[in-house]
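Just the one chain here, the form predicted alone, laid out as structure tokens.
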Amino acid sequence: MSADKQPGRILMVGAGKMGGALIESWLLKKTINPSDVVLVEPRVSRAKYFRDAYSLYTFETPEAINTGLGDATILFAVKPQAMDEVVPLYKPLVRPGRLILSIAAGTPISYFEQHLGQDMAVVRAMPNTPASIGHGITVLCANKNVTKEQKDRCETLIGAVGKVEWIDDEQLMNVVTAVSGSGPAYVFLLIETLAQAGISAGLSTDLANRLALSTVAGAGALADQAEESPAMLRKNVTSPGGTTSAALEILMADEGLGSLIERAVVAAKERGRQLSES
């Protein structure tokens, strides 16, 4: 899709943290015109915010929609536990080939095919929380009904909040969730534990927190911009026999950080599989 071509009308279902971030990114970056966003949001105050701030069409229920949808993409941005209550309400609005885009964690493509029709074009997306500030990475997976134009449309919409990757095997979504979906929590824990270690070693709480946060944020930014791999960047700051080397001997031991992260990812992957099958 060319940079000057907009993705058409969007029926946005839900404007929580992630859904709201998408809407605001689209409008601020002029990815889409405000008149092309139709929002269904039952929370009156949340709907009022988007109506007042961006002049969006907002409705509390899909039955209340009184503006034309045309070939609108339906984007589900509601919590997974609300899907059974929400998705069937949109059955009257779908037609063969309509693009369904979902950012609901753990909800497989087959769920939408079951509730909305086997002939729907469905794309499942797994964003992560940095998308809320435009620095996310989202992995997408499409069913066989999705066209090249519809994939481009999804990239335009999701690319407004960060990087986009595609996979062909939906089973890998559980691994994606374990690595990038849950991954920010691992990084936040690293900041917490690094700060706590500094406090235990004698630093003030405020200084330890600032050092840990800035170090992790700065290292992440450097890794993102550097041409070298993370492994090479690590080697570059590790002098033989120095302080970093002493610390890495602990972190890189057999039962060290690598082993812990691998076990954590496996546990998250397995839990994702269980949730998607329940």
Ligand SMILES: NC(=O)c1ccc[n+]([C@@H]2O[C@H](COP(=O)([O-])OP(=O)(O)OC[C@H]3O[C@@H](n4cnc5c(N)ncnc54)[C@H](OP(=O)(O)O)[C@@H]3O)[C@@H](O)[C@H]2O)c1
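When you see a residue number, it is the position in the sequence shown, counting from 1. Nothing here was measured: the structure is a model prediction, and the numbers come from that model.
Omitted here: the form predicted in complex with the ligand. The next part is about that form.
The chain is drawn here without the ligand; in the model of the complex, the stretch among 240-248, 224-232, 40-48, 63-71 whose residues come within 4.5 Å of it by any heavy atom is 40-48. Looking at Ser110, you'd find every heavy atom of it more than 4.5 angstroms from the ligand in the model of the complex. At a distance threshold of 4.5 angstroms between non-hydrogen atoms, Pro80 is in contact with the ligand in the model of the complex.
The closest heavy atom approach of Arg263 to the ligand in the model of the complex falls outside 4.5 Å.
Of the heavy atoms in Thr129, some are within 4.5 Å of the ligand in the model of the complex. Interface residue among Ile103, Ala160, Ala208, Ala142 relative to the ligand in the model of the complex, by the heavy atom within 4.5 Å criterion: Ile103.
In the model of the complex, the ligand lies within 4.5 angstroms of at least one heavy atom of each of the following residues of 14-31: Gly14, Ala15, Gly16, Lys17, Met18, Gly19, in sequence order.
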